[in-house]
Ligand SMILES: C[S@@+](CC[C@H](N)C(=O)[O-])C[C@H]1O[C@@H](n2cnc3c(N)ncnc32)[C@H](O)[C@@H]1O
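One chain comes next, on its own, written out as structure tokens in the form predicted alone.
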Amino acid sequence: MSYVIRLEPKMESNKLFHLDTNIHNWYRFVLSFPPHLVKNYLNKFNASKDTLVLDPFCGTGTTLVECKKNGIPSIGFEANPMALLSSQVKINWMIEPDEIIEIAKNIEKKASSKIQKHKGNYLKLTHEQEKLLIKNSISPLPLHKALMLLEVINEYKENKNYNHLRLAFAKQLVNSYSNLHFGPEVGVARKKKDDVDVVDLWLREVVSIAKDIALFKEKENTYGEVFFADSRNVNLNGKVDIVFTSPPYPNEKDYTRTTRLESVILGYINNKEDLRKYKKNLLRSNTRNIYVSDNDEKYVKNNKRIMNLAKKIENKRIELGKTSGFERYYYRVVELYFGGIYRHLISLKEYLNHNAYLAYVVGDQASYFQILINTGSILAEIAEDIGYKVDTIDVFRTRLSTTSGKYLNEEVVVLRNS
């Protein structure tokens, strides 16, 4: 069927990859792959200005940024509104660096004056918004200052720099203003930030963005576009030559929690119904985004390997006497996740040129009672069933599982459209 190539030696899960430009640091997010991996495969697939690259799970735009830096046209799909904003901004280099800095300085002056002159109670979130956040995500005074700064930024909604200004705000909100920390899961730090120089930190971030854009202005006209879309239902107005992407892995990480604070404060999510609406557009990768109406498992009901894996997980739950609501859904995640992958791959096929390359960065998992899920090889099996050719399964790194204490592979599954 396929063969395995090891690209890099084994490394621990917290090993950091050097990012070759600050342009990838505009916004914090859990990246599934480093930029150099994208570049290596773009070279391997002979990507050029005459090819079109698609990232159907584009997150904050790592693939699209690499494409744009190298003059390669690209398209992305993303269903998380905060990640969508990040990826859209990160490939928009049409702004003038001096202009955005000048606007930011004007906002800085107005916001600083507004904060100093404010009398009375601190600005707060609504009760519905607060219920969406981890308790103590941000202290009262930094939140108050951030909301006042955002009020001034929002006066520039019609300005072409508006989303760049907001993305700088989102990054500083999480990294500098909040009490959040990020490990295997998002949580609240023990030491809370009672006060922060909100406006100055934001201004510095805008200046950093402007400097990054100045480095790549000559590539500003390279086509790149990101669409709000459910990648299980691909719809394009043309043909794609290369796919490079990393879908969520099947585990218990709720990826929406990593962007919850900024999503709420920027107004993308105001209540539980808003959250539910956009979660329904996501690939089912954890128990927190499974719904009664879900039926993606129908696409893989005849796949014995997936059905046996789901059964093994459910039998283990029964054996261990686990009865929580989340644990009862573990086997459903496996069925729905791979059903969603099947649905994605089959809907994508008609939009691929003959012999198009596809590369999926995925990781083995052991989140459910330490039962191993070989994500890459199962994805390859599904692809073969649909009619794709499996080229290689390349191991690009290993990481230490927080649940089993064992090393698990992260792989690049390379397919061809036959």
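On a predicted model such as this, the values are computed, not experimentally measured, just so you know. Residue indices: 1-based, along the sequence shown.
There is another form of this protein, the form predicted in complex with the named molecule, and it is not shown here; the text below is about that form.
Of the heavy atoms in Arg232, some are within 4.5 Å of the named molecule in the predicted bound form. Proximity of Leu309 to the named molecule in the predicted bound form: non-hydrogen atoms within 4.5 Å are absent; the residue sits far from the partner. The closest heavy atom approach of Tyr255 to the named molecule in the predicted bound form falls within 4.5 Å. For the chain shown alone, Tyr368 is not a contact residue for the named molecule in the predicted bound form, no non-hydrogen atom being within 4.5 angstroms. Although the partner is absent from the chain shown here, none of Ile373, Gly376 and Asn409 has a heavy atom within 4.5 Å of the named molecule in the predicted bound form.
Residues within 4.5 angstroms of the named molecule in the predicted bound form, judged by any non-hydrogen atom, belong to 74-82 and to none of the other stretches in 109-117, 309-317, 143-151, 74-82.
With the partner removed from view, the residue among Ile138, Ile242, Leu283, Leu165 that has a non-hydrogen atom within 4.5 Å of the named molecule in the predicted bound form turns out to be Leu283.
Among Ser263, Ser178, Gln88, Ser246, the residue placing a heavy atom within 4.5 Å of the named molecule in the predicted bound form is Ser246. Contact residues in stretch 56-90 (any heavy atom within 4.5 Å of the named molecule, taken in the predicted bound form) are Pro56, Phe57, Cys58, Gly59, Thr60, Gly61, Thr62, Phe77, Glu78, Ala79, Asn80, Ala83.
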